[in-house]
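Listed next as structure tokens is one chain, alone, in the form predicted alone.
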């Protein structure tokens, strides 16, 4: 069975792949350049359906999407369905966590209860929709801890754990008790497969991200230092930021992030094909590559390099 995951969040994609990809299900990412629709629903289920249905209509076949939220007792259930936009429409993970810590600054330890909820929507081959929900209770930590995961993971201490945040756990440990892990396990049971041990398939590109306003530095880095040929942008992306180069017979797109942080793991729309070739060129140019193995349990390679202007670039490859 082929199952397309309707998300631009590479952390989520890795979790789906880790739990479903080893079961005979071919876990596919959205095609390059595809965008998920605006989440206009008022519930997690509505938003999951919007994304899964749009993916099914656009690309055909079975599609699955999730919407997840952190519901904090002391905040009356906030941020809830607006968890990804808690600090504003253009918020990133770091700003959302900062706002949450600010809102919880005066809340004592005994009143910091919360729960993560996840609703998956599976839209099947003929368009029927089925839902699967996972919930995990926990508390909000006083400060961020850990370097794994994404979103609110550095602040969430699950009740069923040993006092570590989700970000301090190995991916497999988190998946065993997390809200999304539980929902995916229910999905796997519905599909008649065992969860665990998977990899993403159908993904043959690498993501590259840089901070806003770095296009000229990109030209110096990729055209000047690495000797790549700049090419016109493809028509569908002609009005967007970023620069396109040719890497042998392949193409490299260098894009611009509004809120770039090297700690973020998801940079949709910013892609390069051929990680090995790019690493080799960086090495020949004398550019130091900083390896990062935190995502390896999910079948993800990641490294960093600094361009001549001092911008730290993130390279992420999900192994197919």
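Numbering follows the first chain given and starts at 1. On a predicted model such as this, the values are computed, not experimentally measured, just so you know.
The form predicted together with a small molecule is left out here; the points below concern that form.
Exercise. Does residue 39 reach the small molecule in the predicted bound form, with heavy atoms at most 4.5 Å apart?
Worked result: Although the small molecule is absent here, residue 39 would touch it in the predicted bound form, with heavy atoms inside 4.5 Å.
Exercise. Is there any non-hydrogen atom of residue 4 lying within 4.5 Å of the small molecule in the predicted bound form?
Worked result: Contact check for residue 4: no, nothing within 4.5 Å of the small molecule in the predicted bound form.
Problem set entry | Interface membership of residue 29, the small molecule in the predicted bound form, 4.5 Å heavy atom rule | The answer is no: residue 29 has no heavy atom within 4.5 Å of the small molecule.
Exercise. So in the predicted bound form, does residue 132 come within 4.5 Å of the small molecule, heavy atom to heavy atom?
Worked result: No.
Exercise. Residues in which of 157 to 165, 216 to 224, 143 to 151, 122 to 130 have heavy atoms within 4.5 Å of the small molecule in the predicted bound form?
Worked result: That would be stretch 143 to 151.
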